[in-house]
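Presented as structure tokens, the chain that follows is alone, the form predicted alone.
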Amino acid sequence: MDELSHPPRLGVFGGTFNPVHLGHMIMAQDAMEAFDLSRVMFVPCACPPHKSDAGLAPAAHRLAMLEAAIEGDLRFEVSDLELQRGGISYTIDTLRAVAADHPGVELYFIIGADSLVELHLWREIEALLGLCRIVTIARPGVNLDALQAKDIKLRDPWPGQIQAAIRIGHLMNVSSTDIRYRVAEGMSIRYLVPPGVDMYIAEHSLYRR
């Protein structure tokens, strides 16, 4: 292996994906390019540990929408491991399972900048940091200029390492909350979600009042 090469790098991107939208897809692509990832794995959660699950579409629908979103893009894959496991979806459990299934692969866990100040609340966060590299893609509404190492309430050397892996992506202000609202109000979500997701939501009457 020459000095410029490295083991395969797998990006892991978790979330509710309720629904997946173009902001998610662009964030995955930005992470892939910024950190030279081989692939990105989208992992929809069963029950989010730090969010209410009110209004959460059934797992089968969220999984199907992700599969529709990535269709034809060989850089991306979808894993149902958290859905199969059930219960509250803790990232440490997921990364241990992914690491066991992908020996010799470097794991990169993709988060939005809004999650940085919450990392200290995550289950077994230091064990998680030992399993993967946390990489952050900036999203609208987060002032990274004001972010200091002390705001990432973790022991050294983690704050510095996490700050060093922050990248500015395409700042696309799209949210699943807004998309659900627009669907409920009968408004168009075209150009906000992949076409296959738009079609799936309409066919299955998701997010309507």
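Just count from 1 along the sequence shown to find any residue number. As the structure is a prediction and not an experimental result, all values here were calculated from the model.
From this point on, the text means the form predicted in complex with a small molecule, which you will not see here.
Of the residues Asp114, Asp80, Asp93, Glu77, just one reaches the small molecule in the model of the complex with a heavy atom at 4.5 Å or closer; this is Asp114.
Interface residue among Ile137, Leu119, Leu129, Val98, judged by heavy atoms within 4.5 Å of the small molecule in the model of the complex: Ile137. Using a 4.5 angstroms threshold between heavy atoms, Ser175 counts as touching the small molecule in the model of the complex. Heavy atoms of His50 never reach within 4.5 Å of the small molecule in the model of the complex, leaving it off the interface. When the small molecule is considered in the model of the complex, Tyr200 lies well away from it, no heavy atom lying within 4.5 Å. The small molecule in the model of the complex comes within 4.5 Å of a heavy atom belonging to Gly14. Not one of Ala57, His61 and Pro194 comes within 4.5 Å of the small molecule in the model of the complex, counting any heavy atom.
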